[in-house]
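First, one chain by itself in structure tokens, the form predicted alone.
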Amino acid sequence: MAVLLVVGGLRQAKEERGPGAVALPGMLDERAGDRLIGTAVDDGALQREPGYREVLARQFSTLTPENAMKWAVLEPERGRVEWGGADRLVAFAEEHDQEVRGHPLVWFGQLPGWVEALPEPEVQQVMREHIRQVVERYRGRVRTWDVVNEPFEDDGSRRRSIFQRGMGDGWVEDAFRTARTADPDAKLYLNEIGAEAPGPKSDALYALARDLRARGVPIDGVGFQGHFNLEGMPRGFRQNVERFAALGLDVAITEADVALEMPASEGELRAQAAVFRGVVEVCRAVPRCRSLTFWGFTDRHSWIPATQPGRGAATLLDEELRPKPAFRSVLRALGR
């Protein structure tokens, strides 16, 4: 965000602090029952914006670091580990009696360059060291981990990440077993994007989860990210989630948002609210859906404008932390 400078720096300070918290028409976490309601957390806003922190503390029961636990942030140079953002989030959650969903331990994206450049024979050792280092630091403090994130291409083939090239198909199992050793009590998840509907990617994810489960690999759940737009949820979303739950696995919606073309009309905001309501209803309809996490809660801090030019307004609150129709719709869906 651009910062305006004026005499005395008063405008600058105001911009950096962000808007103050608004009185919202209900509490998301109080209506959630036995399901956790969470959000991704922007570390910069957590540090600088009291209004953001106030909403974060009051409205959610579980927090996911948006970037602070990604490998490139934690260890930008080999051997130089920077725990600041991750430590801040975990401490904030503990102060406010919230759980933490660690995200992600192993992902092809946002890797530091030194990992991408590893000779293939070193990949297994380095991956194991990274998992052990991170999970052991937060052992007993981070309850759930997205151990492996996005291992498949859209056609259901294995993504040719450095881990796939260096270790073959066994890298996913290796990651889960390493994480279990580092914290025997944590819940371990396999997380995927674009697998909400039945199809090649979802079928490949299902086959992997079933195989891991059958062979005693310590997998506790599967996460469906839930990045949608006004096309709505894909047909068969609920039935797809149910088949994973039928394996004896927990399921979660881990990154829900609904992107709009900008500028968004009032009608589009109402349509967005209906999509969010449907997401909540899917989670409520599946007993093993343990948590629903929104990928950010305010349009002030959303990944959509930077990654999908021309789109935005994807969250529950506007840039001034005021409730949108989506917030009220989610409240109703949770309280029904």
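Heads up: residue numbers just count along the shown sequence, starting at 1. Quick caveat, the model's predicted, so the values are computed rather than measured.
Form predicted together with a small molecule: not shown, discussed below.
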- Establish, in the predicted bound form, whether 66, 103 and 107 all lie within 4.5 Å of the small molecule, using non-hydrogen atoms for the distance. yes
Partner-free chain; cross-checking the small molecule in the predicted bound form, the single residue of 183, 196, 150, 75 with a heavy atom within 4.5 Å is 150
The one option of 141, 243, 213, 227 with any heavy atom within 4.5 Å of the small molecule in the predicted bound form is 227
In contact with the small molecule in the predicted bound form (heavy atoms, 4.5 Å), from 219 to 227, 132 to 140, 118 to 126, 152 to 160, is stretch 219 to 227
Contact label in the predicted bound form: residue 290 to the small molecule, heavy atom within 4.5 Å:
no
* Is residue 295 a contact residue for the small molecule in the predicted bound form, using a 4.5 Å heavy atom cut-off? -> yes
Quiz item: How about residue 70: is it within 4.5 Å of the small molecule in the predicted bound form, going by heavy atoms?
Solution: yes
